[in-house]
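Presented as structure tokens, the chain that follows is alone, the form predicted alone.
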Amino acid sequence: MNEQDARAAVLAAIGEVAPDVETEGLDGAARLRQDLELDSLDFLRLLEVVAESTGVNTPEDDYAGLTTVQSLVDYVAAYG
């Protein structure tokens, strides 16, 4: 999966999990938990929605590296 498709999938997932977050023009450096205010359940739901749309399942060992929008986009692009 290329980065553009990965970014579209991640932004769509963020829009579903956190509908109050404005995804248009969202900075890749935005932190998922702090800036987007995703709690742990929201974070898990985000990964679930990403997996449903892309087929990229994220093992728990990889959660710590997924701190920003861009890190999640890169992860999906690499494994999608």
Partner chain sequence: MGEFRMPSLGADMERGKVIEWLVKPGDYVHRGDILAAVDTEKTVMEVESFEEGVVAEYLVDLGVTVPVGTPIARITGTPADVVAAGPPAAGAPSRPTPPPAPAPTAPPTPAAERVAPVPAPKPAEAPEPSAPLTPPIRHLAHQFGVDVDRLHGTGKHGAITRADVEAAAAQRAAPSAVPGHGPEGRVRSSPRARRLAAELGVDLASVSGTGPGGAVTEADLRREAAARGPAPEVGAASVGVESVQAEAVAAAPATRAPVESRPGGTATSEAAERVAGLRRAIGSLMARSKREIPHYYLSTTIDLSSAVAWMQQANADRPISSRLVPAALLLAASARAAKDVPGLNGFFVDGVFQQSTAVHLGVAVALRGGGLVAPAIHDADTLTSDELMARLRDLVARARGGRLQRAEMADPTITVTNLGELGAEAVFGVIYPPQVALVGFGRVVERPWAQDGMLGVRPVVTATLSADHRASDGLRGGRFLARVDELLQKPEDL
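Numbering follows the first chain given and starts at 1. Every value quoted in this text rests on a predicted model; they were computed, and no experiment measured them.
In what follows, reference is made to the form predicted in complex with the partner chain, a form of this protein that is not presented.
The partner chain contact in the predicted complex: Ser71, any heavy atom under 4.5 Å = Looking in the predicted complex, residue contacts with the partner chain do not include Ser71, since no heavy atom lies within 4.5 Å.
Give a yes or no for Asn57: in the predicted complex, does one of its heavy atoms lie within 4.5 Å of a heavy atom belonging to the partner chain?
-> Contact check for Asn57: yes, within 4.5 Å of the partner chain in the predicted complex.
The partner chain in the predicted complex - contacting residues of 29 to 49, heavy atom within 4.5 Å | Residues within 4.5 Å: Ala30, Arg33, Gln34, Asp35, Leu36, Glu37, Leu38, Asp39, Ser40, Leu41, Asp42, Leu44, Arg45, Leu47, Glu48.
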